[in-house]
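Below are two forms of the same protein chain, given as structure tokens: structure 1, then structure 2.
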Structure 1
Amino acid sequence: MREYYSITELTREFDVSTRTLRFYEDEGLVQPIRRGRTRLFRPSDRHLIRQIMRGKRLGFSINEIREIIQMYKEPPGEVGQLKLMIKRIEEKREDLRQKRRDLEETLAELDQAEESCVERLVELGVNT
């Protein structure tokens, strides 16, 4: 395992911008070592970036990701982190289910509106 990774290496590996990694640093999610203006990321920082990216893909906010990461660093540790992650996943799943219901309802309303328009055009003697 390597001792350090450059910001360029990590931006390529995770397909993110340097600004994104700096943002994660500003948010306190990663804490690279500084040598002058150069940021050196430890393997633990690389692991955290991987977890952050995973959280983003799952739809978690930066604050939610921070909460999960922080729980791992402090008691109750991994067990608490896993339980919190399960809770957050359940919340995200329900949010997505509600969005799906909202989309289905909107699509049904659009279908009805289109049908009404077509019926009115027929009444007016216009072919569609």
Structure 2
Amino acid sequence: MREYYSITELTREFDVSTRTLRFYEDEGLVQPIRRGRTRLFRPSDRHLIRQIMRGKRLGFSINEIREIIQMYKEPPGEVGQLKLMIKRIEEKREDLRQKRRDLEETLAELDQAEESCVERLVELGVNT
């Protein structure tokens, strides 16, 4: 496992701009350490970026992503906090399950759409 990644390495890996990664730092989503002024991203930062990108693809806002990332961290020590966190995790999961239903429905409709197209091609006597 590499110790550090440069900002440009990560921009290439995740296909984002340096501006974006600095923006995530401003937002407190990642905390690369500094050597002088240059940022050194650790594997943990890299993993966070991976999670951020996943969240983005799923249409979560930065704030939602921040919430989700909180959930991946060490569970809190206090009982009330723990119960609260479990509740929030359950909410997010419900959110994701809704997305999954949306996703399956959309996929199904696209399947149908494609079938119509293929049928149409057959009608037109195209050799598939």
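As the structure is a prediction and not an experimental result, all values here were calculated from the model. Basically, rigid core = biggest C-alpha set you can superpose within 1.5 Å across the two forms. Sequence positions of structure 1, starting at 1, serve as the residue numbers.
Which of these two chains, shown alone, is the form predicted in complex with another copy of the chain?
Of the two, structure 2 is the form predicted in complex with another copy of the chain.
Of Q98, P76, R50, E25, which is at the hinge where one rigid part rotates against the other between structures 1 and 2?
From Q98, P76, R50, E25, the hinge pick is P76.
Determine the rotation of the smaller rigid body against the larger one between structures 1 and 2 and give it in °.
Angle of the smaller part against the larger: 36 degrees.
Can you give the C-alpha shift of V118 between structures 1 and 2 in Å, rounded to one decimal, after superposing the rigid core?
C-alpha shift for V118: 28.8 Å.
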